[in-house]
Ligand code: FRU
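Next up is one chain by itself, shown in structure tokens, the form predicted alone.
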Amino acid sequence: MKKHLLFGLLSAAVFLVGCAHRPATHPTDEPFRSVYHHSPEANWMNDPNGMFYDEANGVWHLYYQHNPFGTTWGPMHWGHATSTDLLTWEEHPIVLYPDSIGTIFSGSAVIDKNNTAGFGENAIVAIFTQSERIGQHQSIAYSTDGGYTFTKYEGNPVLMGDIADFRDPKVTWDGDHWLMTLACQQEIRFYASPNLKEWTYLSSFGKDLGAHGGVWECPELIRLKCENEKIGKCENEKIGKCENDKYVLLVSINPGGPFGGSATQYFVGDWDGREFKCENGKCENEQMNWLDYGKDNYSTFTFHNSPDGRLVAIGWMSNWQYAEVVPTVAFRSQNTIARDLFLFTDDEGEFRLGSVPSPESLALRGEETKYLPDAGIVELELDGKQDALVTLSNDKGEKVVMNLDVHRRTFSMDRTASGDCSFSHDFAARTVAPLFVKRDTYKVLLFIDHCSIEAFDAEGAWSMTNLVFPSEPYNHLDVQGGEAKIYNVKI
């Protein structure tokens, strides 16, 4: 999340005049427009913001960082889209505009079921950063029509920044009060409030822990249920009985990712109502954990109020090394498919955060086909006793090469010859994920869309998200050391 104070140097009047949505030309031949990933109708998008699920109407609300004036980062607004299936999205008017306090940076939204803020029972309250030339502050706005329009609170800001890079509030309900998780340079701060308006500092986390190659951003504290000896999907035999729920702290960092630029790290631990502490003190720099092992999954957040206690997450599918120069035309950036997060233990008995395509994403799988479609799903079954090589290619020789190395226990994706890499010297790359769990057969899911490949261990031990820009779609699939099934997508 690249966030500058440049636009704070402009007067507030600039933001208050001419702020109508002005889409760029939307060509019908946009070659990299995705089929089943959310992207803005036009212009720039980065971090997903304020996501929540409206249970009464069965609607997923997605807000996002948006510049309505061009295809590069600019004066930030909150764009808005909704979906009933997490696959098809309807675009709505912008909900939050800059004002005299500043532009509208990232944040979250909650359903205030008990009317703690006084805006009405079940009001949707958005909590977001406003950035200006003299600092960054937290403000709130409320919606009484289900999240389609918002009114800013007249007492904004509700939390004044005391340092630079004081931003990205993720708010959740914690027992009998609201809890804010906030990024502050290279640490995380926690604040408590009874009413979303008055905030009290609780504690800080992160000094000398985890990756510190860049600024920390977009944090979220997630609670994961612990039931007897099972955590998430995997048996917990090596650690023993899990006595309490576990917590995972997501922290995006830019730069400082494992393959350069942006990435999201996480910490597993416990929350006592005031402080977050790592599991068994294991947060040393040499034990950094990454949510995704590609170059293009950043600013991942979960939806507030997801049904059935699920942790449904979406991330921004790009990297600040080249996000503003990728070769799309009318729009820049899209989001990942929806994923469900859970906790499991690896072969060493360590807690890990798992990620699988959400049931809604798996519902994309249509009829089996012999031909590789422009947008499709591939199921790989790879022999765990020998190395495997998987190649996607087109008639021009452009290719993406994936390798399962059973000796090093890694899965890799090489996009150095994938197509157009000329727009950035940081784009051509090979990314590598640890397998974490040894199996006789490895099942891998590939979600292929016009400009992206998302690879998943079918059981969720790892995921890998990478953009690609081939001059024509990949139409060949070669698998050595395993078998593949190819499916069209139905949408």
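Start at 1 and count along the sequence shown; that's the residue number. Keep in mind it's a predicted model, so treat the numbers as computed, not measured.
One more form of this protein exists, namely the form predicted in complex with this ligand; it is left out here, but the text below deals with it.
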Legend entry - All of V125, W178 and F303 with a heavy atom within 4.5 Å of this ligand in the model of the complex: no
Inset, instruction - Select from the listed residues R167, H80, R415, R332 the one whose heavy atoms reach within 4.5 Å of this ligand in the model of the complex. - result: R167
Inset, instruction - Consider the chain as shown here, without its partner, and state which of S361, S106, S355, T336 has a heavy atom within 4.5 Å of this ligand in the model of the complex. - result: S106
Inset, instruction - Given that the partner is absent here, state which listed stretch (379-387, 336-344, 213-221, 115-123) has heavy atoms within 4.5 Å of this ligand in the model of the complex. - result: 213-221
Inset, instruction - Although this ligand is absent from this view, report whether A263 comes within 4.5 Å of it in the model of the complex, heavy atoms only. - result: no
Inset, instruction - Using the partner position in the model of the complex, report whether S452 sits within 4.5 Å of this ligand, counting heavy atoms only. - result: no
Inset, instruction - Evaluate F276 for contact with this ligand in the model of the complex, applying a 4.5 angstroms cut-off between non-hydrogen atoms, and reply yes or no. - result: no
Legend entry - 4.5 Å heavy atom contact, Y153 and this ligand in the model of the complex: no
Legend entry - in the model of the complex: members of 36-67 within 4.5 Å of this ligand, any heavy atom: N46, D47, Q65
